[in-house]
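Here's a solo chain for you in structure tokens, the form predicted alone.
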Amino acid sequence: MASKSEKSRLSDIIGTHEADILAEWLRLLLASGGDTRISRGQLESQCREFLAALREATSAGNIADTMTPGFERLRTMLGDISRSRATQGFSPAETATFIFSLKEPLFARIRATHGKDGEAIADDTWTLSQLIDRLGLHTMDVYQRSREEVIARQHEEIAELSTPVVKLWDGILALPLIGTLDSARTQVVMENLLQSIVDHSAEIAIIDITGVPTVDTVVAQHLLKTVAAARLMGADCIVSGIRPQIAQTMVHLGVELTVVSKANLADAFAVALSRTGRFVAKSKAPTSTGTMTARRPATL
């Protein structure tokens, strides 16, 4: 544990040479090229506020424990900086450089202050080194948690975007799936599909798995859960996109979807139209451009 004299000594060194430390620290950060995503003015402001908080903490807090109330302002500031850099796309090394690059100008001022007093230089250097290391670990811990939150949020957004529900006709929806189905994604699929069934008063939902690379027992179970949920909402389901390779795999695994399935979306759509009492026919008369038009489906 640092003594009271060590605490006041470090605080005095920072206070006495604060302008020089700030200038040297800022020069090192700019030279590293890791802070180009923020303006020089913003970076200088962060450095100045950090030095003031560090001076305050080293004069009032227990240097050996950065979790004491005396370091609360410093921890909060580092947490804000780490979260900001995590969302701005800074790398771990670039984020860590902010705190660890402060060692060089501080050590230089310690040597200049104590002159030839090797013992005082060693004591203050060791104490300050431990302090900066603990603050650096706190910085990286907050950065890592912030990056994980960003990645998790992006994963959720991608999952939502990759499960669009398309209205094909009145009462007929299509849900094209791309990629592998897991438990988390199945939940998103269910929520999107069920909400769309309610919004469009759908009678039939076509789940197209053309973009699903493989269907095993796990994927089949996820599909069955989605079908069961849709049925509870009053909508029948048709699975389309069963390729030959997938059909063979399902037979070998003994997987049964227990739901109407078709090879492609067009066939599934035809079945859906038939179930809702509709059909599509070509127009007998060509248009002025020589192409054929689709006649409005007739209700049987």
Partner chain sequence: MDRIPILKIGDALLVTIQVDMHDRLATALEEDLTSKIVAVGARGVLIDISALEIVDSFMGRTLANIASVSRMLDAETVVVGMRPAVAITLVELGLELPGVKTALNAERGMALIQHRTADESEQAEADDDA
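Worth saying up front: this structure is predicted, and the values here are computed from it rather than measured. Positions refer to the first chain, counted from 1. If you superpose the two forms and keep the largest set of C-alpha atoms that fall within 1.5 Å, you have the rigid core.
Omitted here: the form predicted in complex with the partner chain. The next part is about that form.
**Q** Do M233 and the partner chain come within 4.5 Å of each other in the predicted bound form, heavy atoms counted?
**A** Although the partner chain is absent here, M233 would touch it in the predicted bound form, with heavy atoms inside 4.5 Å.
**Q** Any of the heavy atoms of A228 lying within 4.5 Å of the partner chain in the predicted bound form?
**A** Yes, A228 lies within 4.5 Å of the partner chain in the predicted bound form.
**Q** Even though the partner isn't displayed, in the predicted bound form is I110 close enough to the partner chain, meaning a heavy atom within 4.5 Å?
**A** Residue-level check for I110: no, no contact with the partner chain.
**Q** Answer for I151 alone: is it within 4.5 Å of the partner chain in the predicted bound form, judged on heavy atom distances?
**A** Looking in the predicted bound form, residue contacts with the partner chain do not include I151, since no heavy atom lies within 4.5 Å.
**Q** Only one of these stretches, 141 to 149, 117 to 125, 199 to 207, 99 to 107, has heavy atoms within 4.5 Å of the partner chain in the predicted bound form; which one is it?
**A** Within 4.5 Å of the partner lies stretch 199 to 207.
**Q** Q195, S183, S129, T217: which sits within 4.5 Å of the partner chain in the predicted bound form by any heavy atom?
**A** None of the other options qualify; the answer is Q195.
**Q** Check each of E191, E156, E72, D133 and return the one that places a heavy atom within 4.5 angstroms of the partner chain in the predicted bound form.
**A** Spelling it out, the residue with a heavy atom inside the cut-off is E191.
**Q** Honestly, after the rigid core fit, is S82 moving at least 2 Å at Cα between this form and the one not shown?
**A** After core superposition, the C-alpha of S82 moves less than 2 Å between this form and the one not shown.
**Q** Superposing on the rigid core, I want to see if T226 changes position between this form and the one not shown - specifically a Cα shift of 2 Å or more.
**A** Yes, the C-alpha moves 2 Å or more.
**Q** Does A235 move its CA by 2 angstroms or more between this form and the one not shown when the core is aligned?
**A** Indeed, A235 is displaced by 2 Å or more.
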